[in-house]
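Take a look at this single chain in structure tokens; it is the form predicted alone.
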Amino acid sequence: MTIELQRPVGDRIVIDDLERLSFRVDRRAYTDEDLAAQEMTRIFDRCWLYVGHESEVPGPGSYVARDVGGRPVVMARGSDGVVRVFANSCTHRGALICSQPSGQARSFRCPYHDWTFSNQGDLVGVPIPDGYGPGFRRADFGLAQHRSESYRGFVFATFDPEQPRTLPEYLAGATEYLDLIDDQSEVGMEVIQGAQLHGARANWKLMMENSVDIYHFRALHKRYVGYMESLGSVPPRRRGGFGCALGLGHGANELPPAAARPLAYWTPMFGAEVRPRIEATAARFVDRFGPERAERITGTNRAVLIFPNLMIIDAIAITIRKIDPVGAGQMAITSVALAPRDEDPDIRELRKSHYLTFLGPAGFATPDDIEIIESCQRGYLNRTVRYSDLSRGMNKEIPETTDELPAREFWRQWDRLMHDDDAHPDLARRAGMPGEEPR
């Protein structure tokens, strides 16, 4: 039984009408700079936001520096082994204390006045300290530490000191999908070294919609469909699989593989020499998890949207995409590949090759996706057509993969937060429930 959480119509950007089986989004949501500014305070300043994966800081002293929710942060594993997320800003005058994207450091030194902080955030060095009075205490000037938590290796932080939910509570039904990903290795998953940094001249929400939209695959990615067919794979049909709402803005879809999976679904595109090992891996997973769960882990593709701006696509490779708004009309995209730590080197190379071939910024799919969402953004300049429609599948009790349920779940949470409805007891309770309410 599906669930649709009815939203009041009123004067809203999101028009959610279950009676008419209609779901529309005012295109101002993609173009209005005032709304974009409100998103930063009402969504990105309040939600749990993805920072990185624990494997990116594998040992004491390792760190990564990046922007999260428009704020520069450092994720560091201290000498005590604890992973922390700090504001990348000196507590003296505000300069960045870390200018490198990643590395190893026992301490962070601000280049402005040489204030120095340990990798656990303590202020440990102040030049010419006698210039400060007796009330100056180093303990008062440690790096600002953001509240952070980890689930199955995925590290999130929140900038809201009153965020009421723990990370697992916030993830709601998305925890099941992170489990399906992390269970792909008995020894743990790791981010493959290297990242793709690119962007698009379009609103960030268009990429979130696109990433859980299977309806467009055969229409938009004709070149890749032809490529897969030439290698003996069967691209996804317009039917099959399912989409789901996971609560609190998260959504996912699952479908049979359109191509090979490094873990552990063989097709001729991977070559005959690796077939015995891939099939042996699939058999081990059946022994470990039973046939039904093993099939979901190794023989099913999925795209997982974690509100507001994280996408994980688990198919011919696993990509983690962080999609950051840059005003109303641009976005920044950071993509990395995730893989089992214990993967054979030649299968790892297959994974990397096919990750770049399809999911990379110069691959078959991503340029198509960026071109089409930029086309949408340009189309919105003609304001004659006010709404975009995301009603597909509202007439069904069991959503299909090509339906737009995951995107509707995203927009419902966007609507709640933009109107401060997340604290409403009934809406908050129901928003955390996977699925859609019976009609």
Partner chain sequence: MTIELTVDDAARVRLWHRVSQFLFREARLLDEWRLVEWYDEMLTGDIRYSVPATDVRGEPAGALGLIDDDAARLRQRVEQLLNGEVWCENPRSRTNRMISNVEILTDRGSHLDVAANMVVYRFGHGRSDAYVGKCRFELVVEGESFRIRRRVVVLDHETLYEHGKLSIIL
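Everything quoted here is computed from the prediction, not taken from an experiment. Positions refer to the first chain, counted from 1.
Absent from the display: the form predicted together with its partner chain. The rest refers to it.
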Segment that reaches its partner chain in the predicted complex - one of 135 to 143, 104 to 112, 167 to 175, 356 to 364, heavy atoms within 4.5 Å: 356 to 364
Any non-hydrogen atom of Phe217 within 4.5 angstroms of its partner chain in the predicted complex: no
Non-hydrogen atom contact Phe159 with its partner chain in the predicted complex at 4.5 angstroms: no
4.5 angstroms heavy atom contact with its partner chain in the predicted complex for Leu96: no
Exercise: Arg71 in contact with its partner chain in the predicted complex, heavy atom 4.5 Å: no
One residue of Lys322, Arg296, Arg302, Lys352 in contact with its partner chain, assessed in the predicted complex (non-hydrogen atom, 4.5 angstroms): Lys352
Residue among Asn210, Thr267, Gln163, Gln330 with a heavy atom within 4.5 Å of its partner chain in the predicted complex: Gln330
Neighbours of its partner chain in the predicted complex among 189 to 214 [non-hydrogen atom within 4.5 angstroms]: Ile192, Gln193, Gly194, Ala195, Gln196, Leu197, His198, Gly199, Ala200, Arg201
